[in-house]
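Below sits a lone chain in structure tokens, taken as the form predicted alone.
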Amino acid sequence: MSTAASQPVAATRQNPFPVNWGARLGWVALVAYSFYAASLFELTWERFVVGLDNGAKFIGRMLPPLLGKWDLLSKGLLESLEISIIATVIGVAVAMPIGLLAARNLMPAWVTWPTRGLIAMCRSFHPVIVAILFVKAVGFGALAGIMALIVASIGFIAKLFAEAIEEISLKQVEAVRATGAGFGNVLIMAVQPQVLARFIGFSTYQLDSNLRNSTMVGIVGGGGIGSTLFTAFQRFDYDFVLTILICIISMIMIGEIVSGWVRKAFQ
């Protein structure tokens, strides 16, 4: 009796939250390395204060925004919007079969592994780097920006689409297969209803992302409002730069509102 009674008492005396010394040492090492890396980059308080002063002067040169050059501004915004829409449509259309081939619950390993390698390659580089390569290949203009954003769309949409397919319930797939339906009918009747809402959400998010990225690829020669912004910086037209930035923010916010409406419509 005494031995049996002492066991619960001993168990209650144990610390329910033991100290994880490995995690603590890891955090200490991370903080120490952060300070070491900051010392290498000369991140000092004096530079920060000087930067604030320079930033205030730069903002002062941007105010007030230039309410002119509407033709140049509207042309750049329209081109960025067209680049984003074209890249999203083509990228999503190409990413659908690639994502399907990468789904491990529907495809054999000899198909999924090379497909996932292709997706990883598309995701390996930032759209700006891809845009630079396409600018060298096809020249300056919207075509380079479209091709760069298509690659980015394939890498993002195909990966998420494959993961969405892998998370579906296979009971519906087996039920449709039991009726003698072919592979295409299985996709339409069993897979598509389970992933359609998420796929619409992925596509609208990619459109938002392409709207933002169209500005960055334009800076390196991919067309759109980014080219207009880069030209304004080169000419020191900082008041026009502020106007462009305000228009870019407005365009992205409108795109976010529209994409939210689309997602609600398919929920």
Partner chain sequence: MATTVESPGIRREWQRFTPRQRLIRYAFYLVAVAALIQSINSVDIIPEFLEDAPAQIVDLFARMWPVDWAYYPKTVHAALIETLHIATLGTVLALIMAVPVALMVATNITRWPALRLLGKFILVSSRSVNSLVWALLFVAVFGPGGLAGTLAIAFRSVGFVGKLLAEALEEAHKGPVEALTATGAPWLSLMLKAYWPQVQPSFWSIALFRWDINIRESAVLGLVGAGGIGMALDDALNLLYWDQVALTLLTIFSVVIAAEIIVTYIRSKII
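In this text the structure is predicted, and so the values were computed from the model without any measurement. Numbering follows the first chain given and starts at 1. Take the two forms, find the largest set of C-alpha atoms that superpose within 1.5 Å, and that set is the rigid core.
Omitted here: the form predicted together with its partner chain. The next part is about that form.
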### Query
Would residue 216 count as a contact of its partner chain in the predicted complex, using a 4.5 angstroms cut-off between non-hydrogen atoms?
yes
### Message
Under a 4.5 Å heavy atom criterion, is residue 61 part of the interface with its partner chain in the predicted complex?
### Response
no
### 4.5 Å heavy atom contact, residue 171 and its partner chain in the predicted complex
no
### Task
Using the partner position in the predicted complex, report whether residue 126 sits within 4.5 Å of its partner chain, counting heavy atoms only.
yes
### Message
By the heavy atom within 4.5 Å rule, which residue out of 114, 182, 97, 139 makes contact with its partner chain in the predicted complex?
### Response
139
#### Entry: Joint contact, 143, 212 and 229 to its partner chain in the predicted complex, by non-hydrogen atom at 4.5 Å
yes
### Query
Which one of these stretches, 101-109, 174-182, 161-169, 79-87, sits within 4.5 Å of its partner chain in the predicted complex when only heavy atoms are counted?
79-87
### Task
Can you tell me which bits of 18-46 touch its partner chain in the predicted complex, meaning any heavy atom within 4.5 Å?
27, 30, 33, 34, 36, 37, 38, 40, 41, 43
### Query
Taking the rigid core as the reference frame, is the Cα of residue 61 displaced by 2 Å or more between this form and the one not shown?
no
### Displaced residue check between this form and the one not shown: residue 23, CA, 2 Å or over, core reference
yes
